[in-house]
Every structure is written in structure tokens, then in C-alpha cells.
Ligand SMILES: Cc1cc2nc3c(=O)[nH]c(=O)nc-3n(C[C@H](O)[C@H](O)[C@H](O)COP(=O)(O)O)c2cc1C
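So this first bit is one chain, no partners, the form predicted alone, shown in C-alpha cells.
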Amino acid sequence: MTTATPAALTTEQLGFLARAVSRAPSVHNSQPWQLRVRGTEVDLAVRPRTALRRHDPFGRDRLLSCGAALTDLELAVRALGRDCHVEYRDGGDVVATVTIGRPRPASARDFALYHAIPRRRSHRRAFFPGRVPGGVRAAVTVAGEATGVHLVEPGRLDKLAELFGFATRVLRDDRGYQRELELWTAHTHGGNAVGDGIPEDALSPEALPVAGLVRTATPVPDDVVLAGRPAAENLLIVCTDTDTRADHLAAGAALQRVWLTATVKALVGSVITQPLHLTGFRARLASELALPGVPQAIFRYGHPAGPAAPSPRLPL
């Protein structure tokens, strides 16, 4: 008895996948990915000329972004009622391949996460006052747990605030960083705009100094005020056992599952990575907070204090 070969996707189904991937979060909303379809295999590749040499000199954030897009791709395949297998690639511009399998109903959880994709927003402003209940925080945290990936609610918030203050001062005075950030925010607005980059109206000095991306005019509160800022946030640090390309992809994939789970629960969030690129910052963060691995990103989330417009997107 022969086994039927899984059917290739139709043009409409490929558009379904592309739309899901297009809504993934990415560093500076650079959307640094592209899809290549080969029958029942879909390659996720790095899009040329999307490097951020000052913000992301080693390309970690670009791989985190591709990991988030990979989660959206996998959820979209499952929402179509198909099984799939994900394989990371060690080198080259193709970072992962998703092999589409036979029909298989999506789980209720995956279906809920898929439907959260278009509702997810980067909320870089202050949250509505009040901590998220413990049971909800636990569910958000568990959503990202995977082999080699750990999510930690940080202790020693006084040390974390001190490190954030240091990073803000350094980035505020880094002219190269500021020029690059300006290029990715100038003349960019949210809503139905087409393109890439960060919407100007998405940036705000209201929250943690580094939450809205550091600009030359970003204020740094005094130590007492700054120490209280992390306590008003719900924070998760995404750590990996090692620091390879596969780890960066896995961290991004886990981060997106966390973010979508928060979205399902009517929460909003944003990602902090820019301090982690400063020399020695990750090592000090891991030491001061006794982290169980290499920190790759910090996720802040909470109840929205106001609406956040969707960021612009490149044409499919």
C-alpha cells in the first residue's frame, strides 16, 4: 500500500502564510525575512540589506526576528489544518525550513495563538497601573518554555534599574546609534502605512527609559525614581543555554509564543534588546540577576493604558 504524498499548498494558502509571517515583530520593524516555496517545503530566509550595524552589530536581533516569523509561519500552517516540521539551518541565508505534512486539525491553543497574530502590537508606552495576576503571568511564562530556552521573572530590580540607567546614558550619547535610529523612524507612521520602520507616534518617554528606544532627548530619572520603574512592569528575560545561531532563532520563536499568549489574554507588550548589545552588558546582567543562561531579550508586558496602532508593513 502506497502512502499519499502531502499536497502542495495553493496560491491562496501561500498568501495565508505570507500574511501571518508579515505581522511578526522585528528589530526596528525591519521585517528581515522572505519566504521561498519549494513544493511542500517553505524556506525562511534573511532578506538582503536589512542589517542594523549600530543597533545589532552581530545580527542577533535579526535572527530573533526571524525566529518570531517562524512561529507565525508554523501557526499559520497548523491553522490551515496541516501538520508541519521545523528544521533550523546552520549557515547561509536560509535560517529554517518548514516541511508541510498531511492534514491534521490544529489544537485549540495553536488556533487561538494564530488568531492573536494580527492583534499583537508593540506597546512601548507605560502600562495601566497594576500587576498582572500571578496565574496569568505563569501562563505567559510557560508559553515560551522550550528545550534550551528559559524565561525568568527577574529579581534584584534595583540592579536591573541601575543597568537600564547606564545603558540609556550610553545609547543617548552614541551618535552613530542615534543616526541609525533616526533613519528607521523618520517620516514613518502607524495605521495603514506601507513600508518598514518604527512609527513615530509609537515612541514615548513615559515608561522605562529603554522601553521606547533611547533617543538624544530620552530623560533618565534620578536613581530613586528609576529604581521604581521596573517594579511597575511585568518583565521576562529570555535566556538560552548557549549563544549560537540556533539559540537566537529558538529565543525569537519562544518570545513570539509568549507575546501571542499575552495578546490572547488581552495584554500588550514590547521587547527590549538594545542594551544587550553594549559591551559586557549581557555578562553583567546574567551575573547580577543570577540568570540561568545567556540573556537574549527582555519582554515587558501589562494591561494597555491606551490603544497602539499597527506598525507599517511591506507589501506581501
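In this text, all values refer to a predicted model and were calculated from it rather than measured experimentally. Residue positions are given as counts along the sequence shown, with the first one as 1.
Keep in mind that the form predicted in complex with this ligand is missing from the display, and what follows is about it.
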- Note on the structure: Here the chain appears without its partner; judged in the predicted bound form, the stretch of 90-98, 160-168, 120-128, 72-80 with heavy atoms within 4.5 Å of this ligand is 120-128
- Message: Can you confirm whether P25, N29 and L213, the three residues that make up this candidate site, all sit within 4.5 Å of this ligand in the predicted bound form, judged by heavy atoms?
- Response: yes
- Message: So this ligand isn't shown here. In the predicted bound form, which residue out of L260, L64, V268, A254 has a non-hydrogen atom within 4.5 Å of it?
- Response: L64
- Query: Which one, A106, C239, A143, I198, lies within 4.5 Å of this ligand in the predicted bound form by heavy atoms?
  - Reply: I198
- Message: Quick check on R282: any heavy atom within 4.5 Å of this ligand in the predicted bound form?
- Response: no
- Message: I'd like to know if Q34 sits close to this ligand in the predicted bound form, meaning any non-hydrogen atom pair within 4.5 angstroms.
- Response: no
- Query: Counting only non-hydrogen atoms and a 4.5 angstroms cut-off, does I272 reach this ligand in the predicted bound form?
  - Reply: yes
- Message: Could you pull out the residues of 295-316 that have any heavy atom within 4.5 Å of this ligand in the predicted bound form?
- Response: S311, R313
